[in-house]
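For reference, the chain that follows is the form predicted on its own, supplied as structure tokens.
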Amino acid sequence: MNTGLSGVPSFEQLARVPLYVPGKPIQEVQRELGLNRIVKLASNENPWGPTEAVKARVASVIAGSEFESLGLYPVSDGFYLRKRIAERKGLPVEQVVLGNGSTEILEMIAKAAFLDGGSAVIPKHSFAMYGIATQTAGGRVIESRASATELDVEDILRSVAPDTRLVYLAHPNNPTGIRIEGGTLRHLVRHLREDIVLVVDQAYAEYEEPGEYPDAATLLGERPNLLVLHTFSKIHALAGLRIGYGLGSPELLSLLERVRSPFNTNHLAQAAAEVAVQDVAFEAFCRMKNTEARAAFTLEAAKHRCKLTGTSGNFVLLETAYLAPELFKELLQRGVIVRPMQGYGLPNHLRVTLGKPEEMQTFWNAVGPLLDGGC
């Protein structure tokens, strides 16, 4: 008797893994609601890029040459981009791995770690892909204590089980916008069991002031089982090209090479990122604009007596007295896309990307009347 896929044990287990729900795309809202002008503040994209230099580099690849064209496979290991990243970070090229977005590297390390089962410790209210990558690779999730305003590193250490293979730490955390200080980060690096891989996701690190941010990459020499992730999707404004990278020991990255798909990053992404990673001035510009947007948002939020969480990243976590899905739907009708956080255990919170001044004004024009004089 044919019972279908539900009768296959592994598929039955897979069906219990939650789906990742991205921010609604502009085209979908236009199609569903028939709106012409829409502001998207849902996916922490950078409204200021990509730069003209990046566009020109991509155009040259599309035009084609003896070594680069869309009819040829890309450099499989992305050597030339890895070299640029290594130069920027002051590391050997062997300590850089590329991914189709940093999320692919999350999947790579999970696949490598959970070949025969095991567990991962993930702080509460963390990026959903940590748990999804763990479960789809055959691992189980242990959730450590955290709140919207605090990350408990001691509870991460206490939560480790005998079969724990990975610990995930978003630094700064998405969606709460909090990060830990340098001493706390060093404490975790030095006291976590040696056979556990610590994955520190620094997707939003470039929005931090370089002299003040505790970069986990400076601790690579202290822990062979440390993997530090970065993405070109945020401050570098290349979300549509899907390119990210990881930093780690040569030994750890050689193991990831065994689960990395051949040609996992494409010509256009590699070429664009080669230019972007060298553009320190553009990073500084975006960091300045983000700081200005956060300050303006904080002032406006105070007028409505709204609670804000975190001070890091290019987004704000806004707490209201209303259920987030209801407020989200009302804002959609007004042409503003934000991200409700009920799926992260935060039923009264919206995550709002910090956009250009005119976009933020559109947000407040839309949400102000809905808040009825206060959050």
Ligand SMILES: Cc1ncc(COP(=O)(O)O)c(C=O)c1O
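Here the structure is a predicted model, which means the values were calculated and not measured. Don't overthink the numbering: it's just position in the shown sequence, from 1.
The form predicted together with the named molecule is left out here; the points below concern that form.
request  = Specify the contacting stretch among 112 to 120, 209 to 217, 75 to 83, 95 to 103, defined as having any heavy atom within 4.5 Å of the named molecule in the predicted bound form.
outcome  = Among the candidates, contact is made by 95 to 103.
query = Is there a non-hydrogen atom of residue 242 within 4.5 angstroms of a non-hydrogen atom of the named molecule in the predicted bound form?
reply = Residue 242: contacts the named molecule in the predicted bound form.
inquiry  = I'd like to check something about residue 203: if you look in the predicted bound form, is any of its heavy atoms closer than or equal to 4.5 Å to a heavy atom of the named molecule?
reply    = The answer is yes: residue 203 has a heavy atom within 4.5 Å of the named molecule.
task = Decide whether residue 233 counts as a contact residue for the named molecule in the predicted bound form under a heavy atom distance cut-off of 4.5 Å.
result = Output for residue 233 is yes: heavy atoms within 4.5 Å of the named molecule.
ask   = If you check in the predicted bound form, is residue 174 within 4.5 Å of the named molecule, heavy atoms only?
value = It does: once the named molecule is placed as it appears in the predicted bound form, residue 174 has a heavy atom within 4.5 Å of it.
Neighbours of the named molecule in the predicted bound form among 111 to 131 [non-hydrogen atom within 4.5 angstroms] = The stretch 111 to 131, when checked against the named molecule in the predicted bound form, contributes 127, 130 at the 4.5 Å heavy-atom cut-off.
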